[in-house]
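Consider the single chain below, provided in structure tokens and representing the form predicted on its own.
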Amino acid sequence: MITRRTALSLPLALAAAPAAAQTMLAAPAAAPAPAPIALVMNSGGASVSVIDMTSRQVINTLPTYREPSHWALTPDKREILISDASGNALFAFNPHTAKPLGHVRIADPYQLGYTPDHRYLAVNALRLDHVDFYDATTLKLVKRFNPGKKPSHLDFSPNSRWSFHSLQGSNALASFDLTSLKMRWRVPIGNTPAGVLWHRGRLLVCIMGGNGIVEVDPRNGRILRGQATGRGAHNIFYDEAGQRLYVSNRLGGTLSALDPVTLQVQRNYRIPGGPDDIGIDPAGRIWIARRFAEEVAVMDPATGDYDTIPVGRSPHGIFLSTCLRQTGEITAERL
């Protein structure tokens, strides 16, 4: 079983302990910080590659059931949950060391995320065509929706009022009210939508069949403007400093850097081999999963030059443990 309940209860136990006991518990010297690692979800290889970020070598390969794809940090940031869609499971690992912490059975978890208030864990079931909301503490199913075909990516309004889900097989975007747990709207959005990102009070949605992104009014789903980026625009990411948006154009083999205000493309980086999810390390280098090349590229955005690291089949999601130094909410799209 995932050990998150134990982890969540620890701060409460310390708070309830007498002051002397707390001092005794705090007495041992802090252990050295673990070396930074990258976890790469190999969707075609039923495994997670663990990379030492300093040496850029794969130091371990962790098995899953069938199809690991995306990740979410638990609210206390003590575990990283990796979804195994066709394996019908969530696998938990220590995000600092990649130590396996067990797994739980969940129906077809493809993309997942905690609501900002940490009340629900939302799960898109791409294969089974439903969107599930689980209690974030117990992982008990609270509500299931069937909004359309192939629910893919998701995001939330910062106040946890609304969620948004792309429906790849229905060419639509759906939104749910997180207070009443009812559907707010479902609208046509374009051919094969994928990545979804809340950005400056709007939504940005990648349209794989439209080779770019659209900006959407979250109140009603109305498209406000569009921006071409490249073939197969798949996912969209926001760097920690808020200076750039990045769109991975999986079929075109490029990564587009966009101005966060105008949405104009500032630069296109050539990254052949199906660029998918990314991570950004403290030095500003961009780590890119290359789905068709079975590699991770580590790119210097100043020059566009990159090195490659062989991993497993169809690398998909990527997590860098260095992001744990950041404060606030950490998701796969806000780096």
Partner chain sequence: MGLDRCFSIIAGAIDQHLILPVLYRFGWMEWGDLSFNWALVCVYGLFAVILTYAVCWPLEAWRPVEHWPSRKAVLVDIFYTLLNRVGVIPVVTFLLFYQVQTDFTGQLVDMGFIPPTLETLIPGLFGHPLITFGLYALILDFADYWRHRLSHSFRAWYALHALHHAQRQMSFWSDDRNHILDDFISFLWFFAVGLAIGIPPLQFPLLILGLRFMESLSHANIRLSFGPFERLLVSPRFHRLHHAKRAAGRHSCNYGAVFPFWDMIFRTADFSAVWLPTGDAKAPEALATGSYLAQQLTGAKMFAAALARRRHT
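This one's a predicted model, so the numbers in the text were calculated from it and none came from an experiment. Numbering follows the first chain given and starts at 1.
Quick note: we don't show the form predicted in complex with its partner chain, though the next part is all about it.
Looking at its partner chain in the model of the complex, residues 105, 209 and 293 each place a heavy atom within 4.5 Å of it.
Although the partner is absent from this view, residue 232 contacts its partner chain in the model of the complex, with a non-hydrogen atom inside 4.5 angstroms. Under a 4.5 angstroms non-hydrogen atom cutoff, its partner chain in the model of the complex has residue 168 among its neighbouring residues. When its partner chain is considered in the model of the complex, residue 279 lies well away from it, no heavy atom lying within 4.5 Å. Its partner chain in the model of the complex is approached by residue 191, whose closest heavy atom lies within 4.5 angstroms of it. Shown without its partner, this chain lists 118, 127, 182, 222 as candidates; in the model of the complex, only 127 has a non-hydrogen atom within 4.5 angstroms of its partner chain.
Though its partner chain is absent from this view, in the model of the complex it lies within 4.5 Å of a heavy atom of just one residue from 50, 298, 53, 46, which is 46.
Of the candidate stretches 174-182, 157-165, 142-150, 260-268, only 142-150 has residues whose heavy atoms lie within 4.5 Å of its partner chain in the model of the complex.
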